[in-house]
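First, one chain by itself in structure tokens, the form predicted alone.
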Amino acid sequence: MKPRSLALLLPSSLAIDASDLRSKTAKIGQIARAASVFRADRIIIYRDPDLDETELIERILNYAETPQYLRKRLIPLADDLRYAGTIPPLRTPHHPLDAEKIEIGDIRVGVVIRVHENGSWVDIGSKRSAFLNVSIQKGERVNVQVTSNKPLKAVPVDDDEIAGYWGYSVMSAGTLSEALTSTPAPTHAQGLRIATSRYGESIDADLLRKIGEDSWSGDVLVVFGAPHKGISEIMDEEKRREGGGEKEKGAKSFISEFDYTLNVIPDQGTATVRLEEAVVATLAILNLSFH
């Protein structure tokens, strides 16, 4: 069974190995696609002082996640998005292929375009706006369920009322250590913290089953290092900047911060594994655990 929620913790330097904006956009777009394929609920960006492109990453991830029919309304024009057309379509349930085809019972993402004391009108991808009998702030993004087609009417829907996968949210944290501190302490009741590292355990069937049992109905946080340095190096550097003294002996000292530290590509055939490749490999393997 899928965990209660699945979050990815990624560095602000995730595109440090990309040479230009087009390459960065493609890399971030691949991560958006992988997160959607494997039903990630949240993507959290932690700050790496080597390269802090948090704003760029958030903007591209949010663009990819927003249904195409709402992008002009919700995503401001920005030079950072000039290659956004190269981002692969997510094809998630909240990205309908034919936005004009609307049936009673459909759930849509909408944005409030007009407000009256008796209700609100929402753009849900149709040439007609849907009427809600509640007043919601203009410009707000809202999930709605269609209750009538002629005239087009809908009612607001809470996230927990939506059965299918409904995309990811994007947020930023401070440093990696701060991001981990702000996450509830890992217990089997609350969830798991999983790190990816060359120092981690290699996956086998028994470990897959154990992770699946421990993640059942809990929250899972999967943490990735940067393309040019791993989680252990990042955490050691953070401790030194905070006045923590000398680097701790043993590159594995960071492992105590996590429930599991996994090497998902043992005996890799390439000198390096790109971050977007690590995301796909890790989520594909964990998906087996969850199911």
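Everything quoted here is computed from the prediction, not taken from an experiment. Note that residue numbering follows the sequence shown and begins at 1.
One more form of this protein, predicted in complex with a further copy of the same chain, exists but is not displayed; see below.
Between the options 220, 203, 122, 109, the residue in contact with a further copy of the same chain in the model of the complex by a heavy atom within 4.5 angstroms is 203. A heavy atom within 4.5 Å of a further copy of the same chain in the model of the complex is found for one listed residue only; from 92, 177, 147, 169, this is 92. In the model of the complex, at least one heavy atom of residue 36 sits within 4.5 Å of a heavy atom of a further copy of the same chain. Of the heavy atoms in residue 16, none are within 4.5 Å of a further copy of the same chain in the model of the complex.
Not displayed here, a further copy of the same chain is approached by residue 165 to within 4.5 Å at the level of heavy atoms in the model of the complex. a further copy of the same chain in the model of the complex is not approached by residue 152, whose heavy atoms all lie more than 4.5 angstroms from it.
Annotation: in the model of the complex, residues 88, 268 and 280 each come within 4.5 Å of a further copy of the same chain through at least one heavy atom. Figure note: of the listed segments 71-79, 92-100, 111-119, 131-139, the one touching a further copy of the same chain in the model of the complex, with heavy atoms no more than 4.5 Å away, is 92-100. Shown without its partner, the chain has 271, 272, 273, 274, 277, 280, 281, 284, 285, 287, 288, 291 in segment 271-291 as residues with a non-hydrogen atom within 4.5 angstroms of a further copy of the same chain in the model of the complex.
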